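As structure tokens, one chain now follows by itself in the form predicted on its own.
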């Protein structure tokens, strides 16, 4: 019962908000967090795209094991891992059911496993790269590689606002429950209660959208009052803002080790066939 109680505490709205904050700001002392954001972008450029074009099982398995190690070292939140596992299982389960309905049979299992491995590698690479950068470093890294200023600021702003939006959505949902009337009878398999809560969940988005629009307008006015647009278009301000970013020996070693590991996998894949 103690484990169940801890699990329920983690899946509460407050627990979700804390996990999001830990994901955004709580990994600052890991090895990946000390790397330059451009190094992580370059590393992700391969492991986030290459698996789509790789069909060798040995190579995919080696990349999968490497991603498991990097995910553990980046100390990703258990909530993110749980969402990843549920997403992969639902995706593969859905495809297997569709294949079975269209007479796919057991021969569809191997391609589905290969697809799952590709999705796992790409997902864990994304988690490792982007959970290791706080919103400020992510925004600066995007700005440094030439992403438009509005895009880099928008990503950082959304990253910062997400926990607040989750809490506000929860408050709106509770206010609907206080003012509404719950079904007197649950119905078979609680279908009346399920429909009631689903309706409230959808209706809660409308006040949230209006609140986001109002909050965004207030933020824009406050930023413009401080000269935000002028600062973002000034090359001198950009140079000072990004002056802390530089490649170090740690970045070079990380990229070299990753490259050597991938080369070793290609050699093994050429000698071993499954």
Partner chain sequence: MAQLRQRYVLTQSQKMMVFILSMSLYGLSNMITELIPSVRLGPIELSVEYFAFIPLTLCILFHPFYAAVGAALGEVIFGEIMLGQFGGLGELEKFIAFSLAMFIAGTLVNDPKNRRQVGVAAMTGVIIHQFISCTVDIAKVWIGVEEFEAVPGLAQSVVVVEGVAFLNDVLFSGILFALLPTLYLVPRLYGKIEPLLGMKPRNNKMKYSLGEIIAPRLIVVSIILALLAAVAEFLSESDMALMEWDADYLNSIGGWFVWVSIGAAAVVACLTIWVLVRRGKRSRTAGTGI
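Heads up, when I say rigid core I mean the largest set of C-alphas that superpose within 1.5 Å between the two forms. Numbering follows the first chain given and starts at 1. Predicted, not measured: the structure shown is a model, and the values here were computed from it.
As for the form predicted in complex with its partner chain, it is not shown, yet the points below apply to it.
Residue contact check for residue 159: one or more of its heavy atoms lie within 4.5 Å of its partner chain in the predicted bound form.
Looking at residue 85, you'd find every heavy atom of it more than 4.5 angstroms from its partner chain in the predicted bound form. Contact check for residue 99: a non-hydrogen atom falls within 4.5 Å of its partner chain in the predicted bound form.
Using a 4.5 angstroms threshold between heavy atoms, residue 247 stays clear of its partner chain in the predicted bound form. Contact annotation: of the candidates 182, 72, 174, 112, the single residue with a non-hydrogen atom within 4.5 angstroms of its partner chain in the predicted bound form is 112.
Residues 151, 153, 154, 155, 157, 158, 159, 162, 165, 166, 169 are the ones in 151-187 with at least one heavy atom within 4.5 Å of its partner chain in the predicted bound form, listed in sequence order. Core-superposed comparison between the shown form and the other one: the CA of residue 96 stays below a 2 Å shift.
Annotation: Cα of residue 140 displaced by less than 2 Å between the shown form and the other one, core superposition. With the core held fixed, residue 158 shows a CA shift of 2 Å or greater between the shown form and the other one.
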